[in-house]
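First, one chain by itself: the form predicted on its own, in structure tokens.
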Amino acid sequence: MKAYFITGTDTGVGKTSITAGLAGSMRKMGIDVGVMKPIATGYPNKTGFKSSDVAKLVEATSTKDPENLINPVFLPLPTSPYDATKLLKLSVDMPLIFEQFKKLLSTHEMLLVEGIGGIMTPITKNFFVADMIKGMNIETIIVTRATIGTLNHTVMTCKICEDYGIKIRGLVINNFDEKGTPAEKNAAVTLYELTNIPILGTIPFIKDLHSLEKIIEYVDKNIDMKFLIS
């Protein structure tokens, strides 16, 4: 069984879209791929799932795994898990998360685990997303973007992984805009020079992020999928 934890340099970088695209692409390759969103926050929506992120991941894989296995913890406030638990007077059951992770890992050929926020998003006062990755003992894929600030955010994220002993499989540069500045277009080269981490691919600007079919198509064309499944 193989698994990757998809994290990002910050919130809104496109982790869910990239995870769904990777999952859909792997499924097209005939791989039995499972998905997991250990912790989700936000207001419940009308997709049939508490979290719209979970709904997108399930759509990409057509998995029959139950929602409480894919998403063991849902906190109905659009904020960090730590803030949500304080405001809602709830707690995050990390043993349950790790238990469900092991179940999914044993069920599928490939498991993609999507994080929440960035790598140092707090789950509790002293437990961060990095701690969760470390506990799962799997490689991570970092989703970043080609905009001003990406060098700082990406280098810091890679540094945290190094400090925690988390192996990085590679970087995915998301939201690449063909009309961007020369500096933005050069991000992949510079990020590799600074981090020495493989660039798995750069996803061009996608106008309709609601089109899962389009996201999977862009992942197929722009991500080194053979490297990920090898």
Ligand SMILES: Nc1ncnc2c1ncn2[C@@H]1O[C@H](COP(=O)(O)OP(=O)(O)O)[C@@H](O)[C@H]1O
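This is a predicted model, so every value here is computed, not measured. Just count from 1 along the sequence shown to find any residue number.
Separately, the form predicted in complex with the named molecule exists; it is not shown, and the next lines address it.
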query	finding
Contact residue in the predicted complex, chosen from G165, P198, P44, P204 - any heavy atom within 4.5 Å of the named molecule	P204
Residues S80, P122 and N126 all lining the named molecule in the predicted complex, heavy atom within 4.5 Å	no
Answer range among 167-175, 64-72, 26-34, 186-194 for contact with the named molecule, defined in the predicted complex as heavy atoms within 4.5 Å	167-175
In the predicted complex, D10 touching the named molecule (heavy atom, 4.5 Å)	yes
Interface membership of G21, the named molecule in the predicted complex, 4.5 Å heavy atom rule	no
Neighbours of the named molecule in the predicted complex among 139-154 [non-hydrogen atom within 4.5 angstroms]	none
